[in-house]
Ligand SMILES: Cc1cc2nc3c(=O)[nH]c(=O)nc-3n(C[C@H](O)[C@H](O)[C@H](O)COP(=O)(O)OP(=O)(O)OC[C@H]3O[C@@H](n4cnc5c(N)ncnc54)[C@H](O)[C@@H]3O)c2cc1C
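Presented below, as structure tokens, is a lone chain in the form predicted on its own.
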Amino acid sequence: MNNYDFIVIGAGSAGCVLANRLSKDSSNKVLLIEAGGTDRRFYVQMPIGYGKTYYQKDINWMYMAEPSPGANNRSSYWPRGKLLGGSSSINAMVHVRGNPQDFDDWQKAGNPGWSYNDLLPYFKRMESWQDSDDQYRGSSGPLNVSDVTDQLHPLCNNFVSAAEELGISFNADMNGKIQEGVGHYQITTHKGRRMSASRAYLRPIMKRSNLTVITKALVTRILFEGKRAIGVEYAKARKLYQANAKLEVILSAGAVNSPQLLQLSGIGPESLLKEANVTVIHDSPAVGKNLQDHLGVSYFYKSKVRTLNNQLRPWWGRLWQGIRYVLTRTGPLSLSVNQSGGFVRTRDGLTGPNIQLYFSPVSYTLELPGKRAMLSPDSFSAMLLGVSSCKSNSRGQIRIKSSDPTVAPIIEPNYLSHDDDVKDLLEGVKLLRQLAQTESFSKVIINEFRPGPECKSDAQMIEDIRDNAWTVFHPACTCCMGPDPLKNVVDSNLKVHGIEGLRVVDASIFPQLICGNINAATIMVGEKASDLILADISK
């Protein structure tokens, strides 16, 4: 058995941070175990290449969620990263911290030290924001965050102008003092290449003598002495190995795999574990519960002006943009298709935004359902306006099927099971139509071709939402943080209730979803956790 001080399970957005921060002290011997392989792939490093990695089994868990009754019994496809960098290596790179109120709510839920003022130093520490170093932004962190406004499609200006016509303010920095408003999304790229957690935190320190990184190794269970975690068992190249952790085992496998591995290791709802023939180490009813995700809907419009469809659909257009990218690291292949957007309230009485807006100067409606067609859009000029919910009142769960670690867990999102989620999306798509009807957009829009003008009553729009709403790939909260061992999995120090030597550090610890994309907040959790862990061992 190999001996380490810390074992980190999962080299994703939080795991890479932990590997970096914990191994900075050369006296700490750190093992990082990743089920997938290398991130050194062209379509991982090329920003818009995430359309290609959407269905690549060797770097993507490619989960299928169970049908949701509220979504007309449709199942949904859940890509999750299985490589160095985790989902930060295959996501759309949009960098959103979340609303300050989100984190204040975390603290009010019984988690001291997790208010926005507590967490702002970590958001600053993690980033290298190209424009300034001020009260809200950092300029010397590992993670490069880029303002790509000067490279965006001109129609992004129409989107901002349309929103302003409706009284929605322009916000030049949605990661600054105020999140609310519309603007252009900042993305995690640097010099035209994806800036994943691996590239930011792991690659620069891979040669540290006290850090061991093992890839293509599936952790099958956490090992215990009584109720203390002492190591892990993992499978690599059809052989089983064990590694010992002198100080802590840290689970950073994500909102799907962290609760799965806890359950496989004997920590979870007792009845579920017994049904799966898993020896119960600790009855923890909340493991896998409280699953939350953002759900989105898009409306599509034919355009009077050229869009990215015209640049990327013809083979010669793709060839030219490919040459341009290889030679200069610029052009649409160096960006995300989610170019502009914002955060808005759709009704009075709300304390914060309830809808996130997206504008993409591209459409891909003619491909097979669910296919990620960034490099093969529609053959005509078109664009999309999209919305997603900022919060989710619907709750799902993740549970193992059996004691076999190679069997995917059951993912039950339970989308649109709460009326408020339907209400938010209905008001959101109505706002999309208001935007499309402004002078700024009506002068460039030919018509709405999906869902189309025949979808006009509330009942029709709700039915369209239930038929077409889709995950925007932000699952969280399945090992949620809080003080109650019956309702929460970890405490405010991210220690698993009832267990010694074990923490969970990833998006699964969110008490509730934040307003916006979750990757930035997940990296922040890694930064915060590293301080908590190092403070404990220095006592």
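Each residue number is its position in the shown sequence, starting from 1. Everything numeric in this text was worked out from a predicted model, so none of it was measured.
Although not depicted, the form predicted together with this ligand is the subject of the following passage.
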Please name which of the stretches 424-432, 117-125, 78-86, 160-168 has residues with heavy atoms lying within 4.5 Å of this ligand in the predicted complex.
-> 78-86
Do P361 and this ligand share at least one heavy atom pair within 4.5 Å in the predicted complex?
-> no
Is N91 close enough to this ligand in the predicted complex to count, meaning some heavy atom within 4.5 Å?
-> yes
Using heavy atoms and a 4.5 Å limit, would one call G268 a contact residue for this ligand in the predicted complex?
-> no
Touches this ligand in the predicted complex: H474 (any heavy atom, 4.5 Å) = yes
Scan C156, L218, A109, L223 and let me know which has any heavy atom within 4.5 Å of this ligand in the predicted complex.
-> L218
Looking at V496, A35, C480, V30, which is the one with a non-hydrogen atom within 4.5 Å of this ligand in the predicted complex?
-> A35
Those residues of 500-533 which, in the predicted complex, come within 4.5 Å of this ligand by heavy atom | D506, A507, N517, I518, N519, A520, T522
